[in-house]
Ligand code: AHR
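Presented as structure tokens, the chain that follows is alone, the form predicted on its own.
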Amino acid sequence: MSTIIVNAGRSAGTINRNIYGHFAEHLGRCIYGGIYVGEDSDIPNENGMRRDVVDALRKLHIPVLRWPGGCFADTYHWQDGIGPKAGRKTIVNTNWGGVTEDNSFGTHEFMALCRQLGCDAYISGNVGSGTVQELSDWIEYCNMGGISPMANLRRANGQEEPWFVRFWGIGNEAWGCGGNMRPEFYADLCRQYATYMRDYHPDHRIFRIASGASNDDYRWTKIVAEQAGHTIDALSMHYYTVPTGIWNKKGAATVFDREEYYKTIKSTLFMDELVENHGRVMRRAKPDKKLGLVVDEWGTWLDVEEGTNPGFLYQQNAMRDAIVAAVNLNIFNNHCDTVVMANIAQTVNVLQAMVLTEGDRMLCTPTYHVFEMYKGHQDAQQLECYAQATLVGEGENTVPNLHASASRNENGEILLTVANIDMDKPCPIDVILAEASASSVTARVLCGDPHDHNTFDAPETVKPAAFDVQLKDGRLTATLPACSVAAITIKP
């Protein structure tokens, strides 16, 4: 039996709800066909947004949604996507599949989507091919409440009141698709752009997020923090879990062996080291200002499904992905003193998606269910959590069999989330509460073979079920199934 200790007397702080953020790029069928079908579609919709997708996403309590990219952001010119739709410019998405887009989904549609989801907007500005004036005007268009050229244009397009968009990204992957820049050059650009990103209301200050590092490029983080840290609030960081470690042959979503399964988990556990190190670098580089870390792209990046457009990044989503999601969310929870936002890539039909669509059909993925089970962590107090783990795996790819995090909400309820990574063996656990009491407990579990996934013909193959946890003398005991994620709610 493995012991899990939840110490309610020690905490790293509040788990920022924005850690449970999402990402929707103009990529493949994420926006068009996935989220947005247009007002004239036979698929039930509200202002063009698919009702089935929005209804499903609402249940996740999504706190913030990042848009329009991704690489697409640094080719996107926002004024092409406003005004009467018949007059909007047609563009070619040169980053993703070379498809033609009619710009029918633009700023107003994105803000309508955020309103339907009840979430905040996070807009990535165009630094790669745009201008300082263009991003400055976009912020004025969204946030200016008085009389100004951009505010007047917004009103002419049907939106009287400002949206007060808080989160703004100063480019995306400036080291790569966002301009192939050196960190010194980007730091100067970041300072320039940030200077003209105005606050238009004293109660609605914007949150400036610099384009940060890829993986373990700590030099990028150091230079941008040192040279531009006084102009921003946070730096981003991108890290994808690639099972094989080979970008041109990443591995399939539902066909993999034991070695590849454990290699995937070992790869995703590297996130803990990345968060720890980037946070340390920022603190040393800019000791006079607390900068947050925004992990605004993360998740599994796998080979596309056979027969689909390689530029659309459409992949299935199995129990292995659910374990990846659980581990990453546990990491972010436990580093809530550093991570202020995270955005899984991506929301619909792309990479590690929450939901998949095919025509008028929709399904929720195993990753969706993990986010739903974990939503109680949002804005809760993180609690120190220790899991006595044993090593499992194949060859060099050994990992701890347990991974956990815990929090306490304003009602005093403790949520313990734990993954049993072992793909073969169940794990009996003994949960000890320190400086806390328990009067009752409820739990759910998501489990299955690592390859199990939902299809349009069998959309509920993987879904949460009630989970038996025994409470006696203040201690909790249970047996976690192999390859499972459990959410245990403990009432005081």
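Predicted model only: the values in this text are computed from it and were never measured. All residue numbers refer to positions in the sequence shown, first residue = 1.
There is also a form predicted together with ligand AHR; it is not shown, and the following applies to it.
Asker: Counting only non-hydrogen atoms, which stretch in 345 to 353, 279 to 287, 139 to 147, 252 to 260 is within 4.5 Å of ligand AHR in the predicted bound form?
Answerer: Answer to the contact question: 345 to 353.
Asker: For this chain shown on its own, do 27, 71 and 301 all sit within 4.5 Å of ligand AHR in the predicted bound form, going by heavy atoms?
Answerer: All three within 4.5 Å in the predicted bound form.
Asker: May I ask you to choose, among 154, 335, 238, 369, the residue with a heavy atom within 4.5 Å of ligand AHR in the predicted bound form?
Answerer: Checking each option against ligand AHR in the predicted bound form, the one that comes within 4.5 Å is 238.
Asker: 313, 416, 380, 190: which sits within 4.5 Å of ligand AHR in the predicted bound form by any heavy atom?
Answerer: Going through each option in turn, the one that passes is 313.
Asker: Even though the partner isn't displayed, in the predicted bound form is residue 23 close enough to ligand AHR, meaning a heavy atom within 4.5 Å?
Answerer: Yes, contact at 4.5 Å.
Asker: Residue 110 near ligand AHR in the predicted bound form, any heavy atom under 4.5 Å?
Answerer: Output for residue 110 is no: heavy atoms all beyond 4.5 Å of ligand AHR.
Asker: Determine whether any heavy atom of residue 96 comes within 4.5 Å of a heavy atom of ligand AHR in the predicted bound form, and answer yes or no.
Answerer: Heavy-atom contact with ligand AHR at 4.5 Å: present for residue 96.
Asker: Is residue 211 a contact residue for ligand AHR in the predicted bound form, using a 4.5 Å heavy atom cut-off?
Answerer: Residue-level check for residue 211: no, no contact with ligand AHR.
Asker: Within 4.5 Å of ligand AHR in the predicted bound form, counting any non-hydrogen atom, which residues from 144 to 178 show up?
Answerer: The stretch touches the partner through 172, 173.
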